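Take a look at this single chain in structure tokens; it is the form predicted on its own.
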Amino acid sequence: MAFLEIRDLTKVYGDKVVLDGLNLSAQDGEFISLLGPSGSGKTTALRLIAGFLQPDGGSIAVNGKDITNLPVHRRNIGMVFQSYALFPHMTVGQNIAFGLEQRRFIRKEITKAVDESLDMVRLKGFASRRPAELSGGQQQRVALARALVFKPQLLLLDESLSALDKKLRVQMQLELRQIQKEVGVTAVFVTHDHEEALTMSDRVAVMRDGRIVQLDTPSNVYRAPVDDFVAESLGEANFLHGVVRSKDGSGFVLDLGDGIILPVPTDRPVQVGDTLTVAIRPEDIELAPARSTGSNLVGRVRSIAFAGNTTLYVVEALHREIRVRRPNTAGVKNGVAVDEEVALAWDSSAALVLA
């Protein structure tokens, strides 16, 4: 039995269906990210789990107990908000203790729990400080300590890293995941940042229009997306369209037009004559001077953008722009210029077949 079980969850505002029969399950100790654009329903789902909203249909169960109609204070769920929602007039220690006081813990237990929580988030000695005296990362840790101090059965995080700058956000992704593993709490994390979802999650649920389009491991949603929406949600992708000209036991051959054919190894069932789309990640494409290879896929470089550890090339080929991202290795020059003709190539296994 799953630790968190959501069945046919529905939420409607007027004529707008925000959640449309959402189904989701999470195992004990699992970290699941809800990833999707604004309006996909991910934050609404989180608020329904927390009890801030009531569903128009469906059920929510945690550890085998139906909590669909329980009030917020009886759900034993910790939540970290995007804004952290720390009380500015209270000290760090008082902020963390607040939930325990509301649950009528005795003072000795509160003091012990607050000290343990501060140790857990690596803020020992910060109990007497005010939130305004802390950095963004420290405030985020306080909010996490406050959410975990009463040992909740479930932890909900609503875009809780989005207010941090990129360097600190990457650091906090790793710290937050480590703390979650140490505590062993089941977590549901809402984000619109695909790198966060891939870095932190055991599984990623990609959402669109109130439904989960794909729920799988980070590797599978990135390398085996079910459609172009999922492929783009998890990073850059080039989409190539063609017709299946032949097939055998190992895959099929896709005719891209202009005399370009693409062998695609796959076990997906296809028929000769089917029109299909494949996605190629920019980092999977190799570039070389057009005359130096036997590749029949040739294009012209339209722009080059240096991006630190990578360089992005936009190449016009197959009557479209194809994005190519190559690593910048110290002492090695890529040697490609704007307006130069180049050959594009990739391993056949890099072609992701989309539904």
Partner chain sequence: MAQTPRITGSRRRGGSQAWWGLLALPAALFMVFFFAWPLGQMIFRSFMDPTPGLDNYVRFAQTPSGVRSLFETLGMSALVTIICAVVGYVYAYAVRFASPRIAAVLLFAVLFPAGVNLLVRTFALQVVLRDTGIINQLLLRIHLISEHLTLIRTETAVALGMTCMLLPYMVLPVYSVMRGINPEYVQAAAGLGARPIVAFARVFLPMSLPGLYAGGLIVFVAGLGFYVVPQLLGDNAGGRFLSQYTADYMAQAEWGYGSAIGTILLLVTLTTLATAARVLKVGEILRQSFGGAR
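Numbering follows the first chain given and starts at 1. Since the structure is predicted, the reported quantities are computational estimates derived from the model, not experimental observations.
The same protein has a further form, the form predicted together with its partner chain, not shown here; the description that follows concerns it.
Student: Name the single residue among 270, 243, 85, 168 that comes within 4.5 Å of its partner chain in the predicted bound form, judging by heavy atoms.
Tutor: For this set of options, the contacting one is 85.
Student: Of these, 77, 279, 262, 113, which has a heavy atom no more than 4.5 Å from its partner chain in the predicted bound form?
Tutor: Selected residue: 77.
Student: Which among 235-243, 198-206, 144-152, 279-287 is in contact with its partner chain in the predicted bound form, heavy atoms within 4.5 angstroms?
Tutor: Single hit among the candidates: 144-152.
Student: Check whether residue 108 has any heavy atom within 4.5 Å of a heavy atom of its partner chain in the predicted bound form, and answer yes or no.
Tutor: Residue 108: no contact with its partner chain in the predicted bound form.
Student: Taking the shortest heavy atom distance, is residue 90 within 4.5 Å of its partner chain in the predicted bound form?
Tutor: The answer is yes: residue 90 has a heavy atom within 4.5 Å of its partner chain.
Student: Although its partner chain is absent from this view, report whether residue 323 comes within 4.5 Å of it in the predicted bound form, heavy atoms only.
Tutor: Judged by the heavy-atom cut-off of 4.5 Å, residue 323 is well away from its partner chain in the predicted bound form.
Student: Could you tell me if residue 99 has a non-hydrogen atom within 4.5 Å of its partner chain in the predicted bound form?
Tutor: Residue 99: yes, in contact with its partner chain in the predicted bound form.
Student: Run the contact test on 72, 81 and 103 with a 4.5 Å heavy atom cut-off to its partner chain in the predicted bound form and return yes or no.
Tutor: Affirmative, all three are within 4.5 Å.
Student: Just give me the residues of 12-48, first to last, that have a heavy atom within 4.5 Å of its partner chain in the predicted bound form.
Tutor: The one in contact is 47.
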